[in-house]
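The chain below stands alone, shown as structure tokens; this is the form predicted on its own.
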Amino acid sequence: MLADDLRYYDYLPITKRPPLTWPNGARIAVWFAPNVEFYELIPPVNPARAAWPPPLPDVLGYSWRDYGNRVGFWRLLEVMDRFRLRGSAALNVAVCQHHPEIIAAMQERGWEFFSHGIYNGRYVYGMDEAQERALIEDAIVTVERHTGHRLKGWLSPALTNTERTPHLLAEYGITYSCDFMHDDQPFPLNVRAGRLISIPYTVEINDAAAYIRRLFSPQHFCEAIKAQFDRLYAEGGRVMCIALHPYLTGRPYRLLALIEGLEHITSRQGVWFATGAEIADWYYTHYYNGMIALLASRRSGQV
């Protein structure tokens, strides 16, 4: 018997899907997901994963990341403004209370807000259902109270999940998840009730993975952005996400690499610069029902 490893989504090769196009015939949808985060100096202990290397308090780690909200975010904002690009903020929603100036700056520019948990060191691992529901409810209420926006997207803190996470997100009316790294297109997720899709987020074109884990130079990260874009643009009907952290790419010596990458992308025609919610809405309107029907037919052996 096969293991139940595809329960969150069906297998359908990208070569077997109907062609996917974007508004005005664009070849590619590009979205930017700055992770606007708040770290606690002494977070609650999670038995599955430590937020900071012991011992606490980790003043170095905390203040290194706090640079993002004090300095790095404002540098990234200036660059995004220069290219007239909007972001979709992967938001630790505690930022709404700790740094309302950041929220106001993003609101003024029409950025989207989606949830990246409450604090970045409070992981979902080990939560019972009541705790996870409280997390989702807190995120929805806080974002709506401080921004007036209804939360549509979700990226779990540190991409941590329980087995029930997608089901609860759908139940609460979240329309898209960024926790699954399995595709270059939006794709339906299998949930108990309601509907939920994944949209392509990235741990590849992501400055945290590049600079911290893979030890990229800024120029290497720039070349990765350009190569990723060129291939997806050539294929067509794809989504490219660029995930940035203000405490990393907002450093002075890394900024020119981002600017060079953005110059490359914005010089091409047929690019839809969108928010995560706009990509999800387009997919739901034009492709979701057809894909659900196709997947049902494949399961029944009709195709």
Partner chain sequence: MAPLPNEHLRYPRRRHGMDHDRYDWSIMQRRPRVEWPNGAHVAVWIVAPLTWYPLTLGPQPRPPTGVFDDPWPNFRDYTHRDYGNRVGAFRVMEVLDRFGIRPTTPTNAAVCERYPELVQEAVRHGWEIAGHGIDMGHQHDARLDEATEVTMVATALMTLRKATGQAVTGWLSPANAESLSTPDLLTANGVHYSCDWVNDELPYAMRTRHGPLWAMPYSHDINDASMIWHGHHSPLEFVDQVRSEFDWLHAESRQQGGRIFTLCVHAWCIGQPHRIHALERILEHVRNHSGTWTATGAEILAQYQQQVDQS
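The model shown is predicted, which means the values in this text are computed figures rather than measured ones. Residue numbers count along the first chain shown, from 1.
Just so you know, the form predicted together with its partner chain exists too; it's not on screen, but the next bit is about it.
Although its partner chain is omitted here, in the predicted bound form all of Pro55, Tyr62 and Glu101 have a heavy atom within 4.5 Å of it.
Heavy atoms within 4.5 Å of its partner chain in the predicted bound form map, among the stretches 249 to 257, 231 to 239, 25 to 33, 263 to 271, onto 249 to 257 alone. Using a 4.5 angstroms threshold between heavy atoms, Ala193 stays clear of its partner chain in the predicted bound form. Although the partner is absent here, Leu41 lies within 4.5 Å of its partner chain in the predicted bound form, judged by heavy atoms. At the 4.5 Å threshold, heavy atoms of Ile118 reach its partner chain in the predicted bound form. Contact annotation for Asp81: none of its heavy atoms lies within 4.5 Å of its partner chain in the predicted bound form.
Here is the short version: of Arg75, Lys152, Arg86, Arg164, the single residue with a heavy atom within 4.5 Å of its partner chain in the predicted bound form is Arg75. Asp138 is the sole member of Glu144, Glu204, Asp138, Asp183 with a non-hydrogen atom lying within 4.5 angstroms of its partner chain in the predicted bound form. Heavy atoms closer than or equal to 4.5 Å to its partner chain in the predicted bound form belong, across 65 to 81, to the residues Asp66, Tyr67, Asn69, Arg70, Val71, Trp74, Arg75, Glu78, Val79, ordered by sequence position.
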